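Shown here is one chain on its own, the form predicted on its own, set out as C-alpha cells.
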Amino acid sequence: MDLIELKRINKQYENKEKVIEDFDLNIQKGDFTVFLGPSGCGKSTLLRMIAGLEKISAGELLINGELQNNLPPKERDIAMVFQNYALYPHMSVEKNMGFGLKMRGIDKQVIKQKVADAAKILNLTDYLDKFPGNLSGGQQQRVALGRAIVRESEIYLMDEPLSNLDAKLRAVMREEIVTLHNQMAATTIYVTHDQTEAMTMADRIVILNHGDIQQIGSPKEVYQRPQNMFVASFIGIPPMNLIPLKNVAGKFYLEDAELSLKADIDQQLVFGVRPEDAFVDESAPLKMKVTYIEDMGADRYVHGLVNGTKFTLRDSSVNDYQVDQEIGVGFTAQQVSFFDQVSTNRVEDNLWK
C-alpha cells in the first residue's frame, strides 16, 4: 500500500531557480526509504515539502490518499528529526521529549508515561532529569529521536540526523534507528549524503542528482546494477572503475585487449568494474601503473592508472607493490557493467558473445 505519493512535484524559488521538477515517487507503508545524493541535489528540500516546512510550487502530495499541499505541518501527523538536535537548553530531557505533546494539550500523566516508555527504548531513563548541556552528542541525538517517538506518528522524517556525530557513534546510532523503525512499524524517510548510512539502513534508496531521480532500488540493486554512470561513480567506496572502450571498426578494446562483445557497431561504450571484481593477474593484457597503495588491514586498495584513467582494485594477497610498478589486471567478466558514453545509461547486461 502506498502511504505517500508525490505527483509531479515542483519547487521553484522567487529568484526563478527551480530545484525540483516533475518529481514522482510512491512510498509504501512500513518502508525505510533513504534520499541519497550530493549536497544541493534537492533531497532536504523534498523532505521539507513532505513535512510542510517548504511550500510546494506545483504538483500534489498525498498521504493515505488525501491531499496535503495546504495542510500546516502540525496537521500532517509527521514527526521530524533534524541535523541539529534543536533541544531547549533550559529544559530537562524529560521536558524536551514531552514538549511537543504539551503544546498539543495532551494530559500530563499521558505525557509522562509516553516519555518514560520512549526513554526506556532509548536508554535515557537515567538522564530524564539532566539538561542537554550535560549530555554527549549521542545522548542528545537520542533525546531528539525520543521527542519524535513520543508523538507516535505514522511517518518519521530524518534530515541527516547523524552528521554531527563521530564515526564510531554514527555506526551505533545507525543500528539503533533501524531497530526503532522496525519496533514501531513506522514509515521512515531519511536524508543523507553518506552512502554508508544509505547502504546499511535502507529498504529502498532513492538516488538524486540536480533534483532528478537517478535510480530507485534496494542497496544491493543500486550497487550491483547501477543504471547510469553517475550512480556507478557515486555508490561504492572506492567507486566503480569506469574506462572508455575504443571502438575500431566495430571491435571493442580495453586498452590493447579486444573484448568479445555483441554491441552495435557504432556504439561508444564505457567499461565498468568494481574494485573487488578486479584482481592482479600478471598474464593479463590489461596493465596498470601503480600510483598509491591504501592499506586497510585485511585488504589493500591498489590505485593506479590504466591508459591514463584512474583504476582501483582490492587485493588481499601478501604481495608488496611499489609506486610506478606496472601490474597486470584481470576482472570477473560476469560482474562487468557497460554504459553508453553519450547517454551515460546502462547498456543491457549480457553484452558478452
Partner chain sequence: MEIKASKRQLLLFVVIPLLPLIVFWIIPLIVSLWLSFTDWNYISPTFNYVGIKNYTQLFTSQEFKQALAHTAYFTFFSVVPIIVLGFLLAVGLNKLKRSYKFIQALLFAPWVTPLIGMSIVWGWIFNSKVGPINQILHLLHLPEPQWLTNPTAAMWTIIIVTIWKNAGWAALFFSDALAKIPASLFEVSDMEGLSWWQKIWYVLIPLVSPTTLFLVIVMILECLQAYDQITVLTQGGPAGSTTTLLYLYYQLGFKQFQMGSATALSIIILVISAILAYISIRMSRKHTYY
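Numbering follows the first chain given and starts at 1. Please read these numbers as outputs of a predicted model, since none were measured by experiment.
The next section is about a form of this same protein that is not shown, the form predicted together with the partner chain.
Mapping the unseen interface onto this chain, Ala86 counts among the residues with a heavy atom inside 4.5 Å of the partner chain in the model of the complex.
Contact annotation for Lys246: none of its heavy atoms lies within 4.5 Å of the partner chain in the model of the complex. At the 4.5 Å threshold, heavy atoms of Met91 reach the partner chain in the model of the complex.
The closest non-hydrogen atom of Tyr253 lies beyond 4.5 Å of the partner chain in the model of the complex.
Stretch 45 to 53 is the contacting one of 310 to 318, 45 to 53, 60 to 68, 32 to 40, since its residues have non-hydrogen atoms within 4.5 Å of the partner chain in the model of the complex. For the marked spot (Ile78, Lys102 and Arg147), a heavy atom within 4.5 Å of the partner chain in the model of the complex is present in each of the three residues.
Of the residues given (Arg170, His193, Arg151, Arg204), Arg151 alone sits with a heavy atom within 4.5 Å of the partner chain in the model of the complex. Shown without its partner, this chain lists Lys130, Lys112, Arg225, Lys74 as candidates; in the model of the complex, only Lys74 has a non-hydrogen atom within 4.5 angstroms of the partner chain.
Contacts with the partner chain in the model of the complex, taken as any heavy atom within 4.5 Å, map to no residue of 294 to 326.
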